[in-house]
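In structure tokens, the next block holds one chain alone, the form predicted on its own.
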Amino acid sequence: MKRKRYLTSLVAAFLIISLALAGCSSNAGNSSSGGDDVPQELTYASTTKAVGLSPIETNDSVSSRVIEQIYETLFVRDPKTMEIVPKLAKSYETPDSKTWVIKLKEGIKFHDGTDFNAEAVKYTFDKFRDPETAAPRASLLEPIESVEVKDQYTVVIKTKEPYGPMLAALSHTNASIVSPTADKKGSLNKEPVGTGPFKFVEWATGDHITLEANQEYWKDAPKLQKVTFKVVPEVNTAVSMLQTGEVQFIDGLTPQQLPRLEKLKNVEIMKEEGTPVSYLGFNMKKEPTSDLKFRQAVAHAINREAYVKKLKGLGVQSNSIIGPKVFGYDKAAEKLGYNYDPEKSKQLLKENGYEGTTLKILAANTGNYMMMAEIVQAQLKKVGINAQIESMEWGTFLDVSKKGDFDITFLGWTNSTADGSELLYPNLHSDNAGSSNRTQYSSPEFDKLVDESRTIVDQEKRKQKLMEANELAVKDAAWVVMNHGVVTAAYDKSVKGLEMDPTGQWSLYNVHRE
């Protein structure tokens, strides 16, 4: 009997040891390159869902976050220097102002095993430019006249006119190269196939998207083995999930979230000066906002320093329309704007017969737009301008502002190319009045400078034209810049190697967990 009990105890002890060893083995198998007990998995939380996963067919930031991990572009901006450098491209040359000869890296394969080559580039750009495709960002490559294959790893792009922002356009997420074979077989919007460090696994619409490491990546395989993009509609819930470790990464923080996040011991916060800009815009087709003197009076009435302080470090004060992180910026423009001077504002209003003016402020009830509107309303009242706020949801706001049903309004631009031409042309050039130029600003001199910045290939000359155009618009009070943005993220302290560039883009390629 004693022997039987002894054998039973021995078997039980053996099972306990075996299970413990199995558990250790399982933990070790879930991690690589990081800490021995930390699985190399990461969950990112977004308050909205992706629209699609094809770079050709989408144009929203949520979709782009996923696309940027799966696909790659010919060129990319260095997040530290903001210089454009080759990615899938090897080198380029411009034998004349309308020709771009691009050499491609060799030996790279798409996730479906097919070759990345000049044919794939031509296929992608031809489909992107095809009117039947109706690509949301087709304007990026609109100046291209033809894309030709010179040899297997050389593509020749010819433009209708010289196109200065070409490299910026080719570094944009929407210009990512897709697998022609995969695109012909099915929908890349649902099953993406690129050359990037992560491969698509599944998409549970409205809930999550899962990616896995591309072990055959043309550089070293990524350290993260699994990435999940989780939809968490309520931002406070997302913060709670970050606190408990259910998610490890959120971005696009607001001033309201910061105090809570800063108290979390397991969380790191990243804040970097970025390319976004928020501004007060005037309706240039109505009086009195069409009058420069009145615009100057409004600009002098606004204490933007007080507003920026409310952003708790998530905004940078500036007079310049082109921000410090955007190509074409020159700090000389800072001296040309209209700083806070309420007495000067009152003087301008009195001298030009605008005392007691009543204005309609149009504001979207999202982001910081209502905070801007309320602050400006109070400050205008102090100088004798009676401003009434009309707020509405984002979709309705876009329709109403496009029709010009406002005196002043608040808008923003993310500057995803970080190029001044792609800020000034869509927002202030008369070509786009009534569409993306919602204020309907029009200046022949300004238009000419912006056109030259787009049709000159020499980057130093382009920069000079942008500086001149920017200074002209600042002096003309085309916008009152409320702030230049700060791109932000909050992530678990186990996350290492995360980098975010000034446009707010980030790659998980170099990320691991410890």
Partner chain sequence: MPASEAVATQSKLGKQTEGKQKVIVVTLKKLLKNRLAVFGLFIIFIQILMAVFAPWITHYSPVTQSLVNSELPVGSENHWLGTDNYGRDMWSRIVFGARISLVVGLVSVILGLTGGIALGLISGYFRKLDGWIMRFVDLLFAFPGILLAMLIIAMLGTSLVNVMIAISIWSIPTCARIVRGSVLSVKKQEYIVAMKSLGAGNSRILIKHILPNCMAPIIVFATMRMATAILSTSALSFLGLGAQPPTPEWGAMIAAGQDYMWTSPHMTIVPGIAIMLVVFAFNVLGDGLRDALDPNMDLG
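Numbering follows the first chain given and starts at 1. From a predicted model like this one, the values you see are computed outputs, not experimental measurements.
This protein has a second form, the form predicted together with its partner chain, left out of what is shown; the following refers to that one.
Taken together, the three residues 236, 374 and 389 all lie with some non-hydrogen atom within 4.5 angstroms of its partner chain in the predicted complex.
At least one heavy atom of residue 260 is located within 4.5 Å of its partner chain in the predicted complex.
Among heavy atoms of residue 312, some come within 4.5 Å of its partner chain in the predicted complex. Contact annotation: residue 379 falls within 4.5 Å of its partner chain in the predicted complex, judged by heavy atom distances. Interface residue remark: residue 256 is counted as part of the site for its partner chain in the predicted complex, having a heavy atom within 4.5 Å. When its partner chain is considered in the predicted complex, only one residue from 336, 82, 433, 370 comes within 4.5 Å through any heavy atom, namely 370.
The single contact residue among 240, 210, 146, 99, judged by any heavy atom lying within 4.5 Å of its partner chain in the predicted complex, is 240. With its partner chain left out of view, the stretch that reaches within 4.5 Å of it through heavy atoms in the predicted complex is, among 162-170, 70-78, 303-311, 91-99, 303-311. Contacts between stretch 337-361 and its partner chain, counted in the predicted complex as any heavy atom lying within 4.5 Å, involve no residue at all.
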